[in-house]
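Presented below, as structure tokens, is a lone chain in the form predicted on its own.
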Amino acid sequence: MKKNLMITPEGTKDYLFEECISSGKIQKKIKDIFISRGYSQVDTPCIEFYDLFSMEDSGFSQETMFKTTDNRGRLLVMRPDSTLPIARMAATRLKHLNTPLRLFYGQSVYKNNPTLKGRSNEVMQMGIELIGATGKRADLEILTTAIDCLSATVEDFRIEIGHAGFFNALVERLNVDPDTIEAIRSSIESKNYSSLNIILDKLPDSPQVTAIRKLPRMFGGEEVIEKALKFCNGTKAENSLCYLKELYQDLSILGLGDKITIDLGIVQQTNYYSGIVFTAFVTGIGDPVISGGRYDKLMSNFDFPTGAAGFAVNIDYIAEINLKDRRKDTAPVPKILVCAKDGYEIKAIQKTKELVAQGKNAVFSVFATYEEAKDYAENAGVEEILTVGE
């Protein structure tokens, strides 16, 4: 007996009726926002070479990737991310175009989450990549586009912004190996204070160690910047904080002061990001629904050194919020069922098309007899049966 015949792999699910409708509506809203801002759609393969995601700056461990091989024995992975494939595309097929490149995508990514903890291994994402642009104006373009996506799809949200440069400047002065830096980063990202303290207790006391110890709790308004500046010992960290403060003040002009928080503990995939980093949350979902930032260093891996920034929206999470308190497993019911007498099937199909063109919810009956159609209508709650024929 095939014991897995009737189930889906762990971390995946079937999407039914209302879930598909909700996801489609959200994708359309976000796509319209991207197009209105001048972004063009691209798609990348579901399967990529492992080399693309094994680079030092990729931020992906091999344990988190689904792997297979091609007919030549080369290692392949199901894409865990869309930014790297689009960076590859920009550096090859799009290199001859004028920059900046404004690209958007809507596709699934696949990550192997061994513990899952409510997370999915397959996630539908939409996002943008602004390649070939640096500076505050480009960062404001990315941030305000993310805010537009949230405003169009959820009622309440908060967005947290940080700067990878601040964390990088601190760890540069610790004189520790890359594995220790990764352990520190992981502890901060997961808000694991105990693990973080165990690592830092082994290091000599310094302003940098003190600052890193406080990072998970460094969030709030502009006052966070003032507190963090006290731990700065170098222009890199100070410049990162001052720039972050400037962005925060600019965004506050939009009247979003209560929705925007400075969070210096955002350190995910630090080697990946080089400038601003941000995440967005909505009530009822513990994980970020949007994450993104600036990744200027990444493009150099493709012999295409240029500035770049972007973000990804977790469509599944937003659809889940929109479907809260609604039945997901109930099939849509037509209001009109169009039945055909023998020999009038084509006319009945034409009549159904006419009704649909008028904006009515009508379907053609595939039942062999009127009695079967009537039984279905009564059980399903169809409002009207229309018969075509003499």
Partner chain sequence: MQPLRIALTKGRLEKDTIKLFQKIGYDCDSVVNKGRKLILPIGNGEIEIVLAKAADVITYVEHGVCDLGVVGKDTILEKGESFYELFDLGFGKCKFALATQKGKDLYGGYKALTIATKYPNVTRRFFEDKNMDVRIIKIEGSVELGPLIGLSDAIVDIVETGSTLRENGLEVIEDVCPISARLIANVVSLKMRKQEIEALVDLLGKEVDA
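Positions refer to the first chain, counted from 1. Just so it is clear, the model here is predicted, and its values are computed rather than measured. Think of the rigid core as the biggest set of C-alphas that the two forms share within 1.5 Å after superposition.
Quick note: we don't show the form predicted in complex with the partner chain, though the next part is all about it.
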Would N71 sit within 4.5 Å of the partner chain in the predicted bound form, counting heavy atoms only?
no
State yes or no: in the predicted bound form, is some non-hydrogen atom of K191 no more than 4.5 angstroms from a non-hydrogen atom of the partner chain?
yes
State yes or no: in the predicted bound form, is some non-hydrogen atom of R173 no more than 4.5 angstroms from a non-hydrogen atom of the partner chain?
no
Going by a heavy atom distance of 4.5 Å, is D263 a contact of the partner chain in the predicted bound form?
yes
Does each of E160, R217 and T283 have at least one heavy atom within 4.5 Å of the partner chain in the predicted bound form?
yes
Of the candidate stretches 88-96, 274-282, 295-303, 141-149, the one with residues having heavy atoms within 4.5 Å of the partner chain in the predicted bound form is 274-282
Which one, D250, E226, E122, D156, lies within 4.5 Å of the partner chain in the predicted bound form by heavy atoms?
D156
In the predicted bound form, which of the listed residues (E182, E222, E246, D287) lies with a heavy atom within 4.5 Å of the partner chain?
D287
C-alpha of I142 moved at least 2 Å between this form and the one not shown on rigid core
no
C-alpha of L196 off by 2 Å or more between this form and the one not shown on rigid core:
yes
Did K214 shift 2 Å or more between this form and the one not shown, C-alpha, core superposed
yes
